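Shown below, as C-alpha cells, is a lone chain in the form predicted on its own; questions about how it binds or moves come after it.
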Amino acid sequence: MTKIELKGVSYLYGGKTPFEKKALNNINACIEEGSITGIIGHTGSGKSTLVQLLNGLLRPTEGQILLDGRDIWEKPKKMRALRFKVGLVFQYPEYQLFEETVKQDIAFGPKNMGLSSDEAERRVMDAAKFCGLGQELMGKSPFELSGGQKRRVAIAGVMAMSPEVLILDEPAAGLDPQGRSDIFGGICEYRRKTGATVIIVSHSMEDIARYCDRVLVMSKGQVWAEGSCDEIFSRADELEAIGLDIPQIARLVRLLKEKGVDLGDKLYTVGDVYRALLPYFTGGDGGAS
C-alpha cells in the first residue's frame, strides 16, 4: 500500500527572479507503507529539497504530494498536524538541541502535541530506548554529551512524536562504524515495533544496501531510477556515469570475479560476502580447504 505519492512535483528556488533555479523537475514516485526507502544522489541532485517537501517545510511549485491518498496542502492551516505525522530529522540535528536536559529535549515535541504527562513520559522513555540512551543520561545537559550521543538525542526527539513517517537526512554523517551501526539499529527497531514508514537520505551506499528495502535515485532534480537494492546496484556502470557508486564490498565482489572467484550476484554487504566466502575456508563447495 502506498503511504506517500508524488505526482508531477517540481520546485523552483528564487522563482521569477534572476536567480531562479529548478531544484526538482516533474517528480513522480511512491513510498510504500512500512518500508525503509533510501534516497541517493550526487550533491545538488535535489535530495534535501525533496524531503523538505514531504513534511510541508517547502510547498511544491507544481504537482501534488499525497499522504494516505490526500494532498498534504489541501488544508494549509493543518500543516502543523502534518508535521507530527511526518517527522523530519535534519542532517547534523544535534545543532538543534536547546533544552536544559536530555529528557526535556526529547519531551519537547510530545508536550507540544498536547499529550498527557503520562503519555509524554512513556513516549520519551520509548524513544530514548530506541536510540540507546540510558536513564543515567536523562538528567544531563545535551551539550555535555559526545557528538554521537547528541545525534541520538535529536533523533529520539522526533521519534517521541511517534510519526507515521520518519525521514532522516544523513542520520549517521560523521559517526564512526559503531556509531553508525547503533543509529541504524535503533531506526530499524523503531520501524519494526511501530510499523512506521522510514525514509533515509544517505551518501553511504553500504548503509543503503544494508538497511533499505527500496532505493530512489535522484539525478539533476529528477528521479533517475527506483527499485530494490538488487535492481539499483546491478546497474553499476550506469550509476557511475551519473556520479554515484556501488557499495565498496560489491566492488570487491566484481574484482574477485575478474580474478576467477565468482561468488555470485546480489552481494552488497560485508555479511553477504562473509557467507559467500565461508565455503572457501571450510572445505565446502568453494573448493579450497
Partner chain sequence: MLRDITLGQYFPGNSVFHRTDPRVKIVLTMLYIVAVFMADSLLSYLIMTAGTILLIAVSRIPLKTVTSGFKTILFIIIFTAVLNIFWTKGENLLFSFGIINVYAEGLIHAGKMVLRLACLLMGTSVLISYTTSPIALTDGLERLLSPLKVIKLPVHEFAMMMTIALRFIPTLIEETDKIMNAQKARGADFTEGNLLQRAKALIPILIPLFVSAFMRAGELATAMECRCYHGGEGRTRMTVLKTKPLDWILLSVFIAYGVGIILL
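Positions refer to the first chain, counted from 1. Computed from a prediction, not measured in an experiment: that's the story for all the values here.
Keep in mind that the form predicted together with the partner chain is missing from the display, and what follows is about it.
For the candidate set L137, L115, A172, M161, a heavy atom within 4.5 Å of the partner chain in the model of the complex is found for exactly one residue, namely M161. Contact annotation: of the candidates I242, L256, L57, A236, the single residue with a non-hydrogen atom within 4.5 angstroms of the partner chain in the model of the complex is L57.
Using a 4.5 angstroms threshold between heavy atoms, F143 counts as touching the partner chain in the model of the complex. Contact between A196 and the partner chain in the model of the complex is not found at the 4.5 Å heavy atom cutoff. Mapping the unseen interface onto this chain, R192 falls outside it, with no heavy atom inside 4.5 Å of the partner chain in the model of the complex. A residue is said to contact a partner when one of its heavy atoms sits within 4.5 Å of a partner heavy atom; F184 fails this definition for the partner chain in the model of the complex, lying far away.
Not one of L6, Y11 and G46 comes within 4.5 Å of the partner chain in the model of the complex, counting any heavy atom.
Heavy atoms within 4.5 Å of the partner chain in the model of the complex map, among the stretches 184-192, 90-98, 121-129, 197-205, onto 90-98 alone. Looking at 98-119, the residues that come within 4.5 Å of the partner chain in the model of the complex, counting any heavy atom, are F98, D105, F108, G109, N112.
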